[in-house]
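A single chain comes next, written as C-alpha coordinates; it is the form predicted alone.
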Amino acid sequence: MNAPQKLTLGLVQMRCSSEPSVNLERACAQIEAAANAGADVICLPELFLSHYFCQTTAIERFDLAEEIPGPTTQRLGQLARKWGKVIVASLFERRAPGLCHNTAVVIDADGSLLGRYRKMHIPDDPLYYEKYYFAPGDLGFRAFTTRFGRLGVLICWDQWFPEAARLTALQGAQVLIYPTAIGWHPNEKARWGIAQHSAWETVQRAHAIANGVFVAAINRVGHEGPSDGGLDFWGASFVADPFGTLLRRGSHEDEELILQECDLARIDETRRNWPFLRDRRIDAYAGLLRRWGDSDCD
(Lines give C-alpha, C1' and ligand atoms only; values in the text may rest on other atoms or scores of the structure.)
Protein backbone atom coordinates (compact mmCIF):
# COMPACT_ATOMS: atom_id res chain seq x y z
CA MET A 1 0.00 0.00 0.00
CA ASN A 2 1.35 3.41 -0.93
CA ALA A 3 2.07 5.88 1.87
CA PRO A 4 -0.35 8.83 2.04
CA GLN A 5 0.65 12.05 0.27
CA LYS A 6 0.05 14.14 3.38
CA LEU A 7 1.23 13.72 6.94
CA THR A 8 0.77 15.82 10.06
CA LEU A 9 3.77 16.42 12.28
CA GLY A 10 3.32 16.84 16.03
CA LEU A 11 6.31 18.49 17.74
CA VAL A 12 6.33 18.20 21.53
CA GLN A 13 8.12 21.31 22.85
CA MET A 14 8.51 20.65 26.56
CA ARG A 15 10.31 21.51 29.78
CA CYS A 16 12.37 18.70 31.22
CA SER A 17 12.87 17.99 34.91
CA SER A 18 15.71 16.10 36.57
CA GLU A 19 13.49 13.04 37.13
CA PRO A 20 13.25 10.61 34.18
CA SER A 21 10.00 8.99 35.30
CA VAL A 22 8.28 12.39 35.50
CA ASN A 23 9.54 13.38 32.06
CA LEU A 24 8.40 10.09 30.55
CA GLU A 25 4.89 10.45 31.93
CA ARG A 26 4.63 14.06 30.73
CA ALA A 27 5.97 13.12 27.30
CA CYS A 28 3.51 10.24 27.02
CA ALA A 29 0.64 12.56 27.92
CA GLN A 30 1.73 14.96 25.16
CA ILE A 31 2.06 12.09 22.69
CA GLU A 32 -1.52 11.09 23.42
CA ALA A 33 -2.66 14.70 23.06
CA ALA A 34 -0.85 14.97 19.72
CA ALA A 35 -2.34 11.71 18.48
CA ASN A 36 -5.82 12.80 19.55
CA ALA A 37 -5.29 16.10 17.71
CA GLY A 38 -4.47 14.28 14.47
CA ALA A 39 -0.67 14.11 14.39
CA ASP A 40 0.71 11.20 12.37
CA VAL A 41 4.40 11.58 13.29
CA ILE A 42 5.07 12.71 16.87
CA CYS A 43 8.53 13.97 17.80
CA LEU A 44 10.18 14.60 21.18
CA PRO A 45 13.16 16.84 21.99
CA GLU A 46 16.73 15.59 22.34
CA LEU A 47 17.40 13.59 25.54
CA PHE A 48 13.92 14.41 26.84
CA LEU A 49 14.10 12.02 29.80
CA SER A 50 16.29 14.32 31.92
CA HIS A 51 17.78 17.73 32.31
CA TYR A 52 20.42 18.35 29.65
CA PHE A 53 23.13 16.71 31.75
CA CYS A 54 26.01 17.48 29.37
CA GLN A 55 26.45 20.92 30.93
CA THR A 56 28.93 19.23 33.28
CA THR A 57 31.09 16.10 33.27
CA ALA A 58 29.93 13.84 36.07
CA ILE A 59 30.48 10.10 36.01
CA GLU A 60 27.21 9.36 37.81
CA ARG A 61 25.30 10.76 34.83
CA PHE A 62 26.05 7.52 32.99
CA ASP A 63 23.40 5.96 35.25
CA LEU A 64 20.82 7.73 33.06
CA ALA A 65 21.73 5.60 30.05
CA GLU A 66 19.52 2.67 29.03
CA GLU A 67 19.58 -0.13 26.51
CA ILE A 68 17.70 -0.02 23.22
CA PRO A 69 15.34 -1.86 23.02
CA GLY A 70 14.56 -1.10 26.63
CA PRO A 71 11.87 0.19 29.00
CA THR A 72 11.39 3.52 27.26
CA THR A 73 11.13 2.11 23.74
CA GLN A 74 8.70 -0.50 25.08
CA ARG A 75 6.47 2.20 26.59
CA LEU A 76 6.60 4.37 23.50
CA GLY A 77 5.93 1.34 21.31
CA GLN A 78 2.75 0.64 23.25
CA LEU A 79 1.57 4.20 22.63
CA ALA A 80 2.47 4.07 18.94
CA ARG A 81 0.51 0.84 18.52
CA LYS A 82 -2.46 2.11 20.55
CA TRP A 83 -2.88 5.22 18.41
CA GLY A 84 -1.44 3.98 15.11
CA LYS A 85 1.14 6.78 15.06
CA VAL A 86 4.88 7.09 14.42
CA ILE A 87 7.05 8.31 17.32
CA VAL A 88 10.57 9.75 17.09
CA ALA A 89 12.43 9.96 20.41
CA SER A 90 16.01 10.77 21.47
CA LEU A 91 17.57 8.59 24.17
CA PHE A 92 20.86 8.14 26.03
CA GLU A 93 21.76 4.70 24.70
CA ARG A 94 23.84 2.27 26.76
CA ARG A 95 25.32 0.07 24.07
CA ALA A 96 27.81 -1.71 26.35
CA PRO A 97 29.58 -0.94 29.63
CA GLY A 98 31.53 2.25 29.03
CA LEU A 99 30.08 2.75 25.53
CA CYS A 100 27.14 5.11 25.08
CA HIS A 101 25.53 7.04 22.23
CA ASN A 102 23.10 9.89 21.76
CA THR A 103 20.50 7.94 19.81
CA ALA A 104 17.16 8.68 18.18
CA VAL A 105 14.70 5.84 17.72
CA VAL A 106 11.93 5.60 15.15
CA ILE A 107 8.92 3.60 16.28
CA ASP A 108 6.46 2.75 13.54
CA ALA A 109 2.69 2.96 13.80
CA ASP A 110 2.41 -0.75 14.64
CA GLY A 111 4.60 -0.24 17.71
CA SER A 112 7.69 -1.86 16.23
CA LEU A 113 11.15 -0.39 16.70
CA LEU A 114 11.85 0.46 13.08
CA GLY A 115 15.41 1.61 13.63
CA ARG A 116 17.80 3.97 15.32
CA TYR A 117 20.12 6.80 14.38
CA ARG A 118 23.22 7.51 16.44
CA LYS A 119 24.29 11.15 16.50
CA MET A 120 27.26 11.57 14.19
CA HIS A 121 28.55 15.04 15.11
CA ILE A 122 29.39 15.32 18.81
CA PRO A 123 30.02 18.82 20.23
CA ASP A 124 32.51 19.74 22.92
CA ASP A 125 31.79 23.34 23.90
CA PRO A 126 31.18 25.13 27.21
CA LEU A 127 28.02 23.60 28.73
CA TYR A 128 27.80 21.11 25.83
CA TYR A 129 30.38 18.52 26.91
CA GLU A 130 28.93 15.70 24.87
CA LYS A 131 32.23 14.07 23.93
CA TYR A 132 32.57 13.02 27.56
CA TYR A 133 29.36 10.98 27.34
CA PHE A 134 28.81 9.91 23.75
CA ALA A 135 30.79 7.97 21.18
CA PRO A 136 30.23 9.23 17.63
CA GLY A 137 27.55 7.43 15.67
CA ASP A 138 28.58 4.47 13.53
CA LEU A 139 25.36 3.72 11.65
CA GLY A 140 25.76 6.44 9.05
CA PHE A 141 23.01 8.74 7.83
CA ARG A 142 19.70 6.98 7.60
CA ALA A 143 16.11 7.31 6.45
CA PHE A 144 13.24 5.10 7.59
CA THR A 145 10.13 4.06 5.68
CA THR A 146 7.20 4.47 8.07
CA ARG A 147 3.47 4.14 7.61
CA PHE A 148 3.24 7.87 6.87
CA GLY A 149 6.33 8.50 4.76
CA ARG A 150 10.09 8.24 4.64
CA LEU A 151 11.72 10.05 7.56
CA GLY A 152 15.33 11.06 8.01
CA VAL A 153 16.44 11.63 11.59
CA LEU A 154 19.43 13.67 12.73
CA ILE A 155 20.20 15.16 16.15
CA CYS A 156 20.93 18.73 17.30
CA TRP A 157 24.61 19.48 16.44
CA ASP A 158 24.04 17.62 13.17
CA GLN A 159 21.83 20.59 12.25
CA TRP A 160 24.80 22.72 11.28
CA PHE A 161 26.28 20.32 8.72
CA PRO A 162 24.94 20.46 5.14
CA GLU A 163 26.66 17.14 4.39
CA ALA A 164 24.48 15.37 6.98
CA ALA A 165 21.27 16.81 5.56
CA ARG A 166 22.32 15.98 1.98
CA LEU A 167 23.32 12.40 2.69
CA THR A 168 20.10 11.78 4.59
CA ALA A 169 18.02 13.31 1.82
CA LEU A 170 19.84 11.09 -0.68
CA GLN A 171 18.51 8.12 1.29
CA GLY A 172 15.06 9.22 0.15
CA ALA A 173 13.99 11.15 3.24
CA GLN A 174 10.92 13.32 2.69
CA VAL A 175 11.19 14.97 6.11
CA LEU A 176 14.37 15.70 8.06
CA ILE A 177 13.62 15.54 11.78
CA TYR A 178 16.03 17.09 14.29
CA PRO A 179 15.44 16.37 18.01
CA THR A 180 17.24 19.26 19.68
CA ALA A 181 18.49 20.69 22.98
CA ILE A 182 19.87 24.14 22.21
CA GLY A 183 19.80 27.34 24.19
CA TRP A 184 21.47 30.55 25.15
CA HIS A 185 24.21 31.09 27.68
CA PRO A 186 22.42 33.68 29.85
CA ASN A 187 25.41 36.04 29.81
CA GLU A 188 25.43 36.00 25.99
CA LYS A 189 21.70 36.25 25.39
CA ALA A 190 21.36 40.03 25.36
CA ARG A 191 24.20 40.56 22.89
CA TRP A 192 24.08 37.48 20.69
CA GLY A 193 20.73 35.81 21.32
CA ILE A 194 18.80 37.04 18.29
CA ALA A 195 21.69 36.34 15.91
CA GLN A 196 22.35 32.87 17.35
CA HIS A 197 18.74 31.81 17.03
CA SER A 198 18.49 33.27 13.53
CA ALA A 199 21.59 31.37 12.38
CA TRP A 200 20.22 28.11 13.79
CA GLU A 201 16.89 28.48 12.04
CA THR A 202 18.39 29.80 8.80
CA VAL A 203 20.84 26.94 8.30
CA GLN A 204 18.06 24.38 8.68
CA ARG A 205 15.71 26.21 6.34
CA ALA A 206 18.61 26.15 3.88
CA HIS A 207 18.77 22.35 4.24
CA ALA A 208 15.08 22.25 3.28
CA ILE A 209 15.73 24.36 0.18
CA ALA A 210 18.93 22.65 -0.94
CA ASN A 211 17.41 19.19 -0.65
CA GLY A 212 13.76 19.88 -1.49
CA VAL A 213 12.45 18.33 1.74
CA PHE A 214 10.47 19.29 4.81
CA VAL A 215 12.50 20.05 7.94
CA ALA A 216 11.30 19.83 11.54
CA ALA A 217 13.29 20.85 14.63
CA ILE A 218 12.01 19.97 18.11
CA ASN A 219 13.55 21.86 21.04
CA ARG A 220 12.99 22.06 24.79
CA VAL A 221 12.26 25.23 26.75
CA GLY A 222 13.12 26.60 30.18
CA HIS A 223 16.23 27.31 32.22
CA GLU A 224 18.39 24.40 33.34
CA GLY A 225 21.44 24.70 35.55
CA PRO A 226 22.46 27.19 38.24
CA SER A 227 20.52 30.45 38.43
CA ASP A 228 23.68 32.45 37.69
CA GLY A 229 24.61 30.30 34.68
CA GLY A 230 23.29 27.22 32.94
CA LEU A 231 21.32 27.40 29.71
CA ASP A 232 18.11 29.09 28.64
CA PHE A 233 16.68 26.65 26.11
CA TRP A 234 15.12 28.75 23.39
CA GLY A 235 12.28 26.55 22.16
CA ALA A 236 11.13 27.93 18.79
CA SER A 237 10.52 24.43 17.42
CA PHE A 238 9.51 24.76 13.78
CA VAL A 239 8.53 23.15 10.50
CA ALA A 240 9.78 24.43 7.12
CA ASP A 241 8.63 23.26 3.69
CA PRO A 242 10.85 22.32 0.69
CA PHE A 243 10.88 25.97 -0.43
CA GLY A 244 12.26 26.96 2.98
CA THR A 245 9.03 28.64 4.01
CA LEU A 246 8.47 28.65 7.76
CA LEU A 247 5.13 26.91 8.20
CA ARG A 248 4.92 26.88 11.98
CA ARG A 249 7.12 27.98 14.87
CA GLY A 250 6.72 27.66 18.63
CA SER A 251 7.45 30.35 21.19
CA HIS A 252 10.75 30.85 22.99
CA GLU A 253 9.30 30.33 26.48
CA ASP A 254 6.25 28.08 26.50
CA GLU A 255 5.58 24.38 26.36
CA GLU A 256 3.60 23.74 23.20
CA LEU A 257 2.28 21.07 20.92
CA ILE A 258 3.08 22.24 17.40
CA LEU A 259 0.94 20.62 14.70
CA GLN A 260 1.63 21.04 11.01
CA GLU A 261 0.28 19.22 7.98
CA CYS A 262 2.89 18.54 5.29
CA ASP A 263 1.79 17.94 1.71
CA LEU A 264 4.49 15.62 0.38
CA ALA A 265 3.54 16.53 -3.19
CA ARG A 266 5.37 19.80 -2.51
CA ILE A 267 8.64 17.89 -2.73
CA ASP A 268 8.16 16.95 -6.37
CA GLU A 269 6.74 20.35 -7.22
CA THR A 270 9.70 22.18 -5.67
CA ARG A 271 12.36 19.90 -7.14
CA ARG A 272 10.92 20.30 -10.65
CA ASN A 273 11.38 24.05 -10.37
CA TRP A 274 14.65 23.96 -8.43
CA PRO A 275 16.41 20.81 -9.79
CA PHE A 276 19.40 20.92 -7.46
CA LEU A 277 19.63 17.14 -7.29
CA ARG A 278 19.71 16.93 -11.07
CA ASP A 279 22.54 19.45 -11.34
CA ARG A 280 24.81 18.06 -8.66
CA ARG A 281 28.35 17.46 -9.96
CA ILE A 282 28.96 14.16 -8.23
CA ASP A 283 32.10 13.74 -10.35
CA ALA A 284 33.68 16.84 -8.78
CA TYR A 285 33.04 16.47 -5.04
CA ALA A 286 35.97 14.28 -3.99
CA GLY A 287 37.40 17.25 -2.11
CA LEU A 288 34.65 16.91 0.48
CA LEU A 289 36.52 13.89 1.83
CA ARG A 290 39.46 16.13 2.82
CA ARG A 291 39.65 18.06 6.06
CA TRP A 292 41.02 21.15 4.32
CA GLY A 293 42.87 22.34 1.23
CA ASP A 294 44.08 20.53 -1.87
CA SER A 295 45.82 17.66 -0.13
CA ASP A 296 46.11 16.00 3.25
CA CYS A 297 49.34 17.92 3.82
CA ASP A 298 47.77 21.40 3.65
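In case it trips you up, residue 1 is the first one in the sequence shown, and so on. For clarity, every value in this text was computed on a predicted model and none was experimentally measured.
Unshown form predicted together with another copy of the chain; subsequent notes refer to it.
- Among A169, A89, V86, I155, the residue placing a heavy atom within 4.5 Å of another copy of the chain in the predicted bound form is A169.
- Another copy of the chain in the predicted bound form is not approached by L99, whose heavy atoms all lie more than 4.5 angstroms from it.
- Taking the partner from elsewhere, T72 is found to have every heavy atom lying beyond 4.5 Å of another copy of the chain in the predicted bound form.
- In the predicted bound form, another copy of the chain sits within 4.5 Å of a heavy atom of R205.
- Remark: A190 does not count among the residues lining another copy of the chain in the predicted bound form, judged by a heavy atom distance of 4.5 Å or less.
- Residues of just one listed stretch (91-99, 218-226, 104-112, 131-139) have heavy atoms within 4.5 Å of another copy of the chain in the predicted bound form: 131-139.
- Candidate site formed by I122, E269 and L289: every one of these residues places a non-hydrogen atom within 4.5 angstroms of another copy of the chain in the predicted bound form.
- Within 4.5 angstroms of another copy of the chain in the predicted bound form, the stretch 160-199 places a non-hydrogen atom from each of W160, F161, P162, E163, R166, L167, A169, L170, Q171, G172, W192, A195, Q196, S198, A199, taken in sequence order.
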